[in-house]
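Quick setup: one chain, the form predicted on its own, written in structure tokens, and binding and motion questions come after.
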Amino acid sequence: MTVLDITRPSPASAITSFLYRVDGSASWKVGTAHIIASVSGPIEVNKRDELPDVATLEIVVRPDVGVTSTREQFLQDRIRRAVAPVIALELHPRTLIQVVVQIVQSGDTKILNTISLSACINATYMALLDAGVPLRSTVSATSIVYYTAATSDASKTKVLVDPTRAQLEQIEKDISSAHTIAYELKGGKIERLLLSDSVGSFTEDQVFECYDTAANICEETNRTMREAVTKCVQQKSRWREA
């Protein structure tokens, strides 16, 4: 018998508009992961990168330690897949929208990129929103890890949502699969799946369970984003009134 046990995450936290000399910035913390993203643009683009009908989207991921590697290239590709569909790039042809993502603390183990990927996607979206880049809808992402814990009466499948690094290290040998799910939301409700990135061994039923769990978490994450934006707007309004 397989029993599903889901451990929900501690609440994520976000702040915006704290960096200077960029058009938008955001910090996203969840578990032990901490990501900072900045956006500049639309700005002038190099002739060789210019696109006649849409803006050029450039995403750069900087590691927490060391130099850029294939890991950062992987993250750049997945972030682009998640956020590009909701950006109205056609409104600013022949320009550049540059996103720089700094991993302050990844929250992952050496063999996983799951936690940092979802945090990078959320931070990137928040920075784009803060920069005033035209967006069609909201993006929200989460990470889900399946692992098996042997008990006296059953093989118990457990699920961690946005786990901390300490949790991952504790169950590292028992992890069966890890998933990063990103959804597009409109009006706070799930609209469509934007990204599903999975590693490990899993069943078709687990994939659909994962999608359902991620949908609920992403709607909660969307509310966290709204609260952060509302707080930022209120602070700016106070400054103007003063």
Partner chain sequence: MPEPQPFAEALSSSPQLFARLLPTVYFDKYLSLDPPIRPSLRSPTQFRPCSINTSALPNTFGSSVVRMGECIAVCGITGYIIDSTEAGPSALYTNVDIVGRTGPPQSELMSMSEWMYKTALATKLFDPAQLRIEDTAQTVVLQAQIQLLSQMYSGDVAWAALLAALAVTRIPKAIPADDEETLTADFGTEPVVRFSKTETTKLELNYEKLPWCVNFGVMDDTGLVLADMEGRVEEVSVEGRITIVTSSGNSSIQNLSISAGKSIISKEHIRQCISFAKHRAAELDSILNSQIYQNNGNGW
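Numbering follows the first chain given and starts at 1. No experiment lies behind these values; they were computed from the predicted model shown.
The same protein has a further form, the form predicted together with the partner chain, not shown here; the description that follows concerns it.
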(request) Only one of 217, 55, 36, 194 comes within 4.5 Å of the partner chain in the predicted complex by heavy atoms, so just point that one out. (result) 194
(message) Suppose contact means a heavy atom within 4.5 Å; in the predicted complex, does that hold for all of 81, 111 and 198 with the partner chain?
(response) yes
(message) If contact means a heavy atom within 4.5 Å, which one of 118-126, 103-111, 141-149, 157-165 is the stretch that engages the partner chain in the predicted complex?
(response) 103-111
(request) Would you check, heavy atoms only and a 4.5 Å threshold, whether residue 49 touches the partner chain in the predicted complex? (result) no
(request) Examine residue 77 and determine whether its closest non-hydrogen atom to the partner chain in the predicted complex is within 4.5 angstroms. (result) yes
(message) Does any part of residue 207 reach within 4.5 Å of the partner chain in the predicted complex? Heavy atoms only, please.
(response) yes
